[in-house]
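Here we start with a single chain on its own, the form predicted on its own, put down as structure tokens.
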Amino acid sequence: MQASTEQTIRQVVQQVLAQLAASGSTGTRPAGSPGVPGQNWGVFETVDAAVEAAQKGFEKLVRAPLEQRRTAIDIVKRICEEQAEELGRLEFEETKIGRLDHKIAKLQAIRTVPGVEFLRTEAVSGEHGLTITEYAPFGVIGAITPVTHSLPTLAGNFVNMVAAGNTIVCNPHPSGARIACEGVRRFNKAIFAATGLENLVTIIGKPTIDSAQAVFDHRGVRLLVVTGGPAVARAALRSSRRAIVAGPGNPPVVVDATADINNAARSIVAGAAFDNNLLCIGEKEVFAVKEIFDSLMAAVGNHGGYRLNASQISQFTAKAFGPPKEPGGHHVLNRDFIGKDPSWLAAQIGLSIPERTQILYGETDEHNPFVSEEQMMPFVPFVRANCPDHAIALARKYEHGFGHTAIIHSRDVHTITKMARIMNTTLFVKNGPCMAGLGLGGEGFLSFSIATPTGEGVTSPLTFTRQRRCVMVEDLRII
């Protein structure tokens, strides 16, 4: 069954990819366009230099034909798809978290991020004239990217933001800076060769907390887009700039007595195993009603889970978390455990388990730190609930009001509807793995920035535009 589950995970990730076009035009460099020997290709030492270059890039982009935006976007998508194995390996070697095959899959999935096709013009005509509403760019966008998906987040943001006519200055997470810089160099070099456009994305080569703050405060930055944990989200929200913030999540799963238990188990494993549960949308804790609890636990074991007993969970929890620094505070996560393989995690408590194991799991009570903390590792705690209402109440409590993601396995429409209303999350997935909420195995489109604190939701090119209303006053009716 483990081989079947691994195949399921791969299929979920690749369903959309299988439908993609085999090729796309990248255009050619304009006649007479010179090479740029020695250019840094968008990597800068200071925020001032990066913003200045991105501003000059914006001034060229805003005058360029829309077709050149399409060309630039298609180049980034093709690089991510065709060089996914090399770039994914570089990211995996630098960050040392997650799974190599899923690093590669995330880059390949950039092909599904929407581009200029999302832009639209709205028109209203009547006795008093004609009004056209267009979606215009902001200018230079300051982006903060996470270590969990360094290059995929940058590339996905590029597609969305450049489609809307913006340029980008990026301050990556320091632990994922090398791969982010390598991506920026490759993108800019290929785009210049094809279009003559320069510095559509710039990046700080050696990012720090100070450089992130400088991006937040820079007068040349018109909009902030921040993907990261609670601290960076709070910093962005304090900025005087408008901020689109993709903040933390702690997605709960509810399973009731009407659920397809086999599908629920398979989906929980697939979602929690993806990139070793680094996804902010990943299944972090499960609340299952007592009638089906034991059968669900057995089914998870049939789909690639390795069950820990109470003693083993106690040992593992003590290794994964330290005590709160202050009474009532958060448990301190052992960051060495983030994104590690299940076999590595099991070895920390003296267990030798099959290398192909997808997740660790076991029964806990609601007070275990794995329930309350967004832990980003492939261990899933299962908590026994008295009834669906109890399970939903626990889900609401431990989602912490982030409004990010919640998941339910049920065939009772009333229970599904009740949970949707109570949770009020940006993503609400029913009877599938978390990735279905981003178009991987479900309908919809992909984005690596899900803006929950500021309410924009799954970002698209329209997220990074401002409305411009153009009005002509006159009797223009012809009918």
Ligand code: NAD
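The numbering used is simple: start at 1 and walk along the sequence shown. Please read all numbers here as calculations on a predicted model, not as lab measurements.
Absent from the display: the form predicted in complex with ligand NAD. The rest refers to it.
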### Query
If you check 280, 255, 215, 268 against ligand NAD in the model of the complex, which one has a heavy atom within 4.5 Å?
280
### Task
Go through 374, 94, 341, 81 and name the one with a heavy atom inside 4.5 Å of ligand NAD in the model of the complex.
374
### Query
Counting only heavy atoms and a 4.5 Å cut-off, does ligand NAD in the model of the complex sit next to every one of 147, 173 and 231?
yes
#### Entry: Option from 304-312, 110-118, 241-249, 355-363 whose residues, in the model of the complex, bring a heavy atom within 4.5 Å of ligand NAD
241-249
#### Entry: Touches ligand NAD in the model of the complex: residue 209 (any heavy atom, 4.5 Å)
yes
### Query
Can residue 423 be called a contact residue for ligand NAD in the model of the complex at 4.5 Å between heavy atoms?
no
### Query
Is there a heavy atom of residue 235 no more than 4.5 Å from a heavy atom of ligand NAD in the model of the complex?
yes
### Task
With heavy atoms only and a cut-off of 4.5 Å, decide whether residue 404 touches ligand NAD in the model of the complex.
yes
